[in-house]
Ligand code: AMO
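One chain is shown next in structure tokens, namely the form predicted on its own.
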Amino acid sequence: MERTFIKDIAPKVGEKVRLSGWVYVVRDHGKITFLDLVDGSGMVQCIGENLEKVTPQTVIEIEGLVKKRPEKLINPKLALGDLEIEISSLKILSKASEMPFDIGKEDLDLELPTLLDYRALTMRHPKQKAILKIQTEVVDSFREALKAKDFVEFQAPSIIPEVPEGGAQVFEVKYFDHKTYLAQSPQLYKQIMVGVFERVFSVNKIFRAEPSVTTRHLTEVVSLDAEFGFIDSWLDVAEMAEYTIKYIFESVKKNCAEEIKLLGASLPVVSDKIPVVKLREAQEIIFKRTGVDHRTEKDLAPEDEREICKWAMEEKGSELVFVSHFPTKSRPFYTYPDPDEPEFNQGFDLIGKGVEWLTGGRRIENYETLVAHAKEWKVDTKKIDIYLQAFKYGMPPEGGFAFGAERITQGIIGLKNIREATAFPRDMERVDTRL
């Protein structure tokens, strides 16, 4: 008999099927045993008499009859809660060891270190699986959104010869006889690719050697990057970013409704048009609301990001807000200075639910200006020659943006710690296990 996936049993009521999967919960009543069986597609209750003893997470194969449950025994929390399998035979494929904790509880209620130390096991819990399913949808819908706008995907290298973002928060790599780095961003490469396809995107792992152990930082991140040419203004870039994040929200709402419900989450509230404020305007708003004076700072502090989102929700009906025009010297060399105020650039951040989700803006397309900026920012132009070639031989006005997939996942679900928003988090203290 061919194996049937659990999700496909609904039309087979009255038929015999063969299922394979993991035992999630066992309820042994002596002669009669109830167990919940899980495979990659769903969960179903199974019932049998005089079965071989099984334990949670043991991998089994069963054959049995698909039946309707009595109406009073229907489980509304399960997609297939109105069905059950009457087991006729059971075979153990792989016996699981004794569980270190109860994996069958509605909530794991584990401290974060334990949750991550037993990652191979804890990810099997329905709520952990739901988080990862939502992250998958975030990445997939990012791709779909941009393909619908004629963007072409490419893959950027992770080993780079120079640090275009500036700063010391990079991982140095001994690459044969060369000094190289793990990429902080695919930025230079996606700009090069604008000269090839005009509209491009990439889904890349990036690496930040930030000496920070917080609830919102990771060392290894999935970066969702987009770049495109022939823009009229940096506002074209913000508009594309807004379209993309709204597309992601709609896809998660449509395709992850069960997961959102299971996690008790709610998608962010977004107005018809996400509000835009300049950094200095945001700092002035925060000062008037809180009395905290950060009006001379180069960026928003975490408490400022939370406060400007509160303002956006109260005044504009949006949990997301764009903040633009940061000091030019505080951003990478390729960011476009505003012609009216060159000390500020045409870059922006998207702040969602009090946390930065995206950074983007217009880029410098003029070759001579770009070279001058690179030298002023102390970037070795010899090491970025392949990048500068793209501008030497003609580049349209262009710009782009980058989302952090984990930040979006964390924000959508409302997770307390970003480490829960990815399967295998990396930070200063962890490479699978604590160091």
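Just count from 1 along the sequence shown to find any residue number. Bear in mind the structure is a predicted one, so any value in this text is a computation, not a measurement.
Absent from the display: the form predicted in complex with aspartyl-adenosine-5'-monophosphate. The rest refers to it.
Would 359, 401 and 418 all count as contacting aspartyl-adenosine-5'-monophosphate in the model of the complex, using a 4.5 Å heavy atom cut-off? Verified in the model of the complex; spot residues all in contact, yes.
Have a look at 282 to 290, 81 to 89, 251 to 259, 349 to 357 and name the one stretch with heavy atoms inside 4.5 Å of aspartyl-adenosine-5'-monophosphate in the model of the complex. Going through the listed ranges, the match is 349 to 357.
Is residue 210 close enough to touch aspartyl-adenosine-5'-monophosphate in the model of the complex, meaning at least one heavy atom pair within 4.5 Å? Because a heavy atom of residue 210 falls inside 4.5 Å of aspartyl-adenosine-5'-monophosphate in the model of the complex, the answer is yes.
So, residue 190 and aspartyl-adenosine-5'-monophosphate: in the model of the complex, are they within 4.5 Å at any heavy atom pair? Judged by the heavy-atom cut-off of 4.5 Å, residue 190 is in contact with aspartyl-adenosine-5'-monophosphate in the model of the complex.
Consider residue 316 of the chain shown here, and say whether it contacts aspartyl-adenosine-5'-monophosphate in the model of the complex, taking contact as heavy atoms within 4.5 Å. Residue-level check for residue 316: no, no contact with aspartyl-adenosine-5'-monophosphate.
Hey, in the model of the complex, is residue 278 touching aspartyl-adenosine-5'-monophosphate, heavy atoms inside 4.5 Å? Flag for residue 278 set to no.
Quick one: of 216, 119, 246, 306, which gets a non-hydrogen atom within 4.5 angstroms of aspartyl-adenosine-5'-monophosphate in the model of the complex? The residue in contact is 216.
Just to be sure I understand the contacts: of 338, 236, 242, 165, which is the one whose heavy atoms reach within 4.5 angstroms of aspartyl-adenosine-5'-monophosphate in the model of the complex? So the residue touching aspartyl-adenosine-5'-monophosphate in the model of the complex, by this definition, is 165.
So which residues in 324 to 351, when you check aspartyl-adenosine-5'-monophosphate in the model of the complex, have a heavy atom no farther than 4.5 Å from it? Heavy-atom contacts within 4.5 Å come from 334 alone.
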